[in-house]
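The form predicted alone is given below as one chain in structure tokens.
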């Protein structure tokens, strides 16, 4: 996630006949990037701790008792032969997930919980601590988002580097083909596929996570009751919140893989120091 200044990026420092170093990431980008990384780590683990208190998701304003509105459940269930196993049920279809979800831990001392101990914070079942940690880092997450959004508007980064242009959309097939072949153009600019991915995370998933998190708060329900109407109830908001978290985990895994494939030293240096080594030939071949 970058904020690139046109003047700074074009005043590249020549290092050889074949490449140049440009100032790719401004300080606001680097600070918010690492703030998000730390905050989301703790939000994920503490969020799974909270989920384990009631490992089931619903659509609607309330959980179903006399009616069925569950879309996901992670439970320990007893089979006909008396054995207890972990089962994950998605839209009515159950899968045996013993050892990972529902039932985990050593066979002689199994743990009957949604997500295993290594995936939650704290590792033992403690809803109150999980909530304290979750809410603490949630405010860091929101603050970083506001700083990023305002600075991106001021610098033009949002329009220039995040929102895909018509040309970016037209070039999507070529961008997808390049990524599938692991052909990376080190010119310091985002292609259409990257812009769509970052726009989806920054402008769709992040706001949804914040809004659904507020919707699940009883205090916010009293202050802003219209949030419940927008999301169709607290249970639906909780489900959307969980799905956004899952989408972020998938994005993170792909993001890390692409960083490693594109050149981890160059990518990490740019997000730590701001400076990025470009391929001068690519810069000459590709239109601005």
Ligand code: HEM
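Numbering follows the first chain given and starts at 1. Everything quoted here is computed from the prediction, not taken from an experiment.
Same protein, other form: the form predicted together with ligand HEM, not shown, and the subject of what follows.
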| item | value |
| --- | --- |
| One stretch from 220-228, 25-33, 51-59, 235-243 that, in the model of the complex, holds residues within 4.5 Å of ligand HEM by heavy atom | 25-33 |
| Ligand HEM contact in the model of the complex: residue 261, any heavy atom under 4.5 Å | no |
| Residue 252: touches ligand HEM in the model of the complex, heavy atom cutoff 4.5 angstroms | yes |
| is_contact(residue 119, ligand HEM) in the model of the complex, heavy atom dist at most 4.5 Å | no |
| Ligand HEM contact at residue 138 in the model of the complex, heavy atom, 4.5 Å | no |
| In the model of the complex, the residue from 145, 115, 87, 190 that sits within 4.5 Å of ligand HEM by heavy atoms | 190 |
| Residues within 4.5 Å of ligand HEM in the model of the complex, restricted to 141-171 and counted by heavy atom | 148, 157, 162 |
